[in-house]
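Given as structure tokens, the chain that follows is alone and in the form predicted alone.
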């Protein structure tokens, strides 16, 4: 079952972008792009050639590799349908946080390797926002952790959306999902305004299969965050294996739909206000953590 969930993530992760775009189109009264547009884009990029600047080094080629490698390892750590992940060990949520930071590190290093001040600007913003988001991610998972264990599957099983601050933990992870995946209102994946670009500006020099790898890695990273949020919000451990598997899959797609609605109802924040948005997610996790400590858990 866990191997099947891993395979489904590889196949269905690009569909999350299609769900987000379709929700945004429906809420705006437009027809929008096809649901499978990301698959078409990936197929087109794979068939194209790669153009590499002579000023770059092997570091530039490392970026797309880390963009895929990080989420792949995260998938092996992720509990699914109330069952442990392929790899499960104490404090594995800390490893998950830093494995998910690998795509950011790769794209930042690749952007800096080009020698472009424009891409360096995007890398600087990404580093600053990532430094604020990572403690919030760890705080949210630590707040949801039971006293008896610090494994991801134990955290997911102990969490209750309607009790003990479960809603605040899920809200914190939703806000951090928007940050980590460069979504509105933090970043606009469709923007072309140089003063507001963050993630997109760092991948301007990538092309062909390398850009396809970065896009696919972004889809996998979004899948990991959405599946983790669904695991925390749904009582999957109380269900039989097959219904839990289906519920987790539907919940993952439901998180993508929520992201689409958030992007439809919000505008992109000015850059000076983004840190406050990120820290609001961190505050939600810290509030729950303080509540649990104060309650003597």
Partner chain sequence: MVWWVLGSLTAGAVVSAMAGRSRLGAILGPAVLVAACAVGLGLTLSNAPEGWTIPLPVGAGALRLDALTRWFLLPLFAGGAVVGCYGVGYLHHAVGHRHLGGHWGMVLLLFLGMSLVFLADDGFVFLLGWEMMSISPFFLVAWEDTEASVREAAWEYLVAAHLGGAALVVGFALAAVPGGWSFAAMRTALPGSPLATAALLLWMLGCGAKAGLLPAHVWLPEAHPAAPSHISALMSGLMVNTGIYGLLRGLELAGLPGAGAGAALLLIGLATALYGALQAMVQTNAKRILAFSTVENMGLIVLGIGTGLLGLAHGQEVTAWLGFLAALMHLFHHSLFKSLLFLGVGVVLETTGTVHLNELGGLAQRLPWTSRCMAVGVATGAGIPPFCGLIGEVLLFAALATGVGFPDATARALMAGGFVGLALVSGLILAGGVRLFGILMGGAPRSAKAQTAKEPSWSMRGPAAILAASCWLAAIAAPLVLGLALPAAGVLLGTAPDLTPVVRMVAQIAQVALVVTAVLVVLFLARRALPGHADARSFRTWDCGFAAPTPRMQYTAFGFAHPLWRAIGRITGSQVMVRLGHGYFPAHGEVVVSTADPIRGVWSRLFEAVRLGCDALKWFQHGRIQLYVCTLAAVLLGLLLWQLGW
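Numbering follows the first chain given and starts at 1. Just so you know, these numbers come straight off a predicted model, no measurement behind them.
FYI, the form predicted together with the partner chain isn't displayed, but the following is about it.
Listed stretches are 32 to 40, 241 to 249, 45 to 53, 227 to 235; the contact stretch with the partner chain in the model of the complex is 45 to 53, by a heavy atom cutoff of 4.5 Å.
None of the heavy atoms of residue 256 is located within 4.5 Å of the partner chain in the model of the complex. In the model of the complex, the partner chain sits beyond 4.5 Å of every heavy atom of residue 159. Taking the partner from the other structure, the partner chain in the model of the complex has no heavy atom within 4.5 Å of any heavy atom of residue 82.
Using a 4.5 angstroms limit between non-hydrogen atoms, residue 181 is distant from the partner chain in the model of the complex. In the model of the complex, the residues of 86 to 116 lying within 4.5 Å of the partner chain by at least one heavy atom are, in order, 87, 88, 89, 90, 91, 93, 94, 95, 98, 99, 101, 102, 104, 105, 108, 109, 112, 113, 114, 115, 116.
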